[in-house]
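A single chain, nothing else alongside it, follows as C-alpha cells in the form predicted on its own.
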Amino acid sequence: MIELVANAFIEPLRQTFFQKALIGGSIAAVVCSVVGCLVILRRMAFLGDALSHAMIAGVAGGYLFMKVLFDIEAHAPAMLVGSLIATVITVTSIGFVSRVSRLKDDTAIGIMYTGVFAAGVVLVSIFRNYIHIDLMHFIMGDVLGVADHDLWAAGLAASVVLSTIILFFRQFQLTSFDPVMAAAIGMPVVAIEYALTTCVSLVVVSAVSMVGVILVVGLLITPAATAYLLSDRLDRMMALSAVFGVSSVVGGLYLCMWLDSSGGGAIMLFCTFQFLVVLVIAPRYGLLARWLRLRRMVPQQLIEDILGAVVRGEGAPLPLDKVAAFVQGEARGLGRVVGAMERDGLLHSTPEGLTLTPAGVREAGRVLRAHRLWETYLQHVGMPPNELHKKAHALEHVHDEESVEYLDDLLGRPRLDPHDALIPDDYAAFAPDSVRSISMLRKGARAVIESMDPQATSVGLAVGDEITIGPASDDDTGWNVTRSDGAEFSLDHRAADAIRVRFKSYKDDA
C-alpha cells in the first residue's frame, strides 16, 4: 500500500512534460499570486480578466503580421509582443475613459475590454484563411504541454515583475492603502498605478500561453484572496499567496494525472478548494471564527434592557426571574448574558438578586434618560398615552450623547416625563472638570463659570463665579442659578447657552 502511494507521487515526476508543467506553473503561480495581492487590495480583480480576454486581439495581430509579411505561422515572440501591445492599449483606454467621463473604473473596464476582445474575434474571423489559432487552447490553456520558450518567457516576465515589486514595495503599499496620503507626500500615484497595470499585463501575457485565460485569472485572484483571510500585513500576505499558488499547481497537476483530466481545470479546482477550506477555518476571518464570535456576542439591546430592569428596582436586588419577565426572555438563557455583564463590571450578583455597580448605574442612567426623553418627545408629537412606553422602549437604544442632547434641547430641557417621573441627567457624560453650557445642567449641579458670550454679561454673573443650579422656572423655560455668596439669578435659554461652566459635581440631595 505504501509503495503504491509512493509511486503515485514519484512516477509523475519522472515524466519530462510533468516536470516542465510543474516548473512553468509554479513560476506563473508565484508571480500571479504576488501581483494578485495588490490587485485585490485595489479592487482591480476585474482588470486581470479584462486583460486576459483582450489579449486575443494582440495574438491575432501578431500572428497575422508574421503570416502576411514573412509567411511564418504561430511565431511565439510576435504573438507575445502583439499581446503586450493589446494589453497596453486596453489599460490606456480604460484609464482615459475613466478620467474624462463620469464613468467608474469597473464600467470603463467592461466597455473597453469587451471592445478589444470583440476586435480580436472579428480579426480572427475575417482572416480565418491566414490565422490558425486554437481559441479553446487560448482560453483553457494546456499546462501539460509547456514548451521551452514558454518557460523562458515566464521566467523573464517573473524576474521583471518581482524585481519591480521588491524595488518599489513601499510605493505600491502606500498607494494601495492610502492614495490620498501618497499624493500628499509627493508620490506619483498615477505613474505607480500604470506601473502596476503594466506588471499585471506582463504577467497575463507571459502566463496565458501556458495556462490559458481562465487559469491566469484564477491564479491572479484566488491565492491572494486566500492569503487575505489569514494576514493583515502585505508582505506576509504576498508570501502566503505565493505558497497557496504553488501548492495549487502541485496539487492540481497530481490531481489531473490521477484523474486523467484537464490540467488547468484541476489546478483551479484545487486552488478553489484551498480557498474554501481557509474560508471555514481562518482564525480571525473564517466562518467558524465568525460563528463563535456571534455565539459569544451579547446583543447590546439585551444588555440595556437588563440594566433598565435592574435600575427600576430603585436599588433593591432584583431576582433573575423578574428581570426575565421584563425583557421577555427565559431566566436560564439570561444567565450567560448576566455573567458577561458581571465580567464587564456592570452588574453584581447576590443571593437576593442583581444590583448595579457604579458603572452599571451610569450606563443604566443613560438608557433611562433616553427612554423618558423619547416618551416626552412622542407625547409632544401627539402619540396616544397608552403607546408611549412601548415605542420609547424601542427607541431608548438610540442614546448616543449627540442625539439625546439634541432631543433634550429640542424639548426645552424638561425635568419630568409624561408620567411625572424625573428625567435623569447623563452623569456619564458629565465627568468632573468637563466644560458644558449651563443649559445642559439640571438641579443640583455645581460648577465654575469658564467663559461668557457678550450677550450674557448683563445677567450679573462673571467668569470664575462658583454656582449651583437650582430648580427650573415654573414654565420650565428658564434656569435659576445660586452663586456661592447666596445671590440668585434667573437665566433664559439664550443666556444659559451663552455661559460655559466647568462641571464639578452634583449635590447629594439633587
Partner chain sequence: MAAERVNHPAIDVENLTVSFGSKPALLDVSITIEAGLAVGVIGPNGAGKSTLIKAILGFVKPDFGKVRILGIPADQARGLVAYVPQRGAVDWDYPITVEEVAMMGRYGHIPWWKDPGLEDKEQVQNALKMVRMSEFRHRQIGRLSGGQQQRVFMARALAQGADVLLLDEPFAGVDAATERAILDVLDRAKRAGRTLVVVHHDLATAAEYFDFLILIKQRLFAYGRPELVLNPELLSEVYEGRLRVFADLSGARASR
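Keep in mind that what you see is a predicted model, and the values were worked out from it rather than measured. Numbering follows the first chain given and starts at 1. So that the term is clear: the rigid core is the largest set of C-alpha atoms that superpose within 1.5 Å between two forms.
Beyond the structure shown, there is the form predicted together with its partner chain, which is absent from this document and is the topic of what follows.
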Sole residue of 291, 177, 194, 130 within 4.5 Å of its partner chain in the model of the complex, by heavy atom: 177
One residue of 383, 183, 156, 325 in contact with its partner chain, assessed in the model of the complex (non-hydrogen atom, 4.5 angstroms): 183
Contact test in the model of the complex: residue 483 vs its partner chain, heavy atoms, 4.5 Å: no
Contact of residue 117 with its partner chain in the model of the complex (heavy atom, 4.5 Å): no
Proximity of residue 228 to its partner chain in the model of the complex, heavy atoms at 4.5 Å: yes
Contact label in the model of the complex: residue 187 to its partner chain, heavy atom within 4.5 Å: yes
Which of 85 to 93, 194 to 202, 105 to 113, 231 to 239 lines the interface with its partner chain in the model of the complex (heavy atom within 4.5 Å): 231 to 239
Triplet 343, 348 and 422 all within 4.5 Å of its partner chain in the model of the complex via a heavy atom: no
Residues from 256 to 274 in contact with its partner chain (non-hydrogen atom within 4.5 Å) in the model of the complex: none
Post core alignment: residue 22 C-alpha displaced by 2 Å or more between the shown form and the other one: no
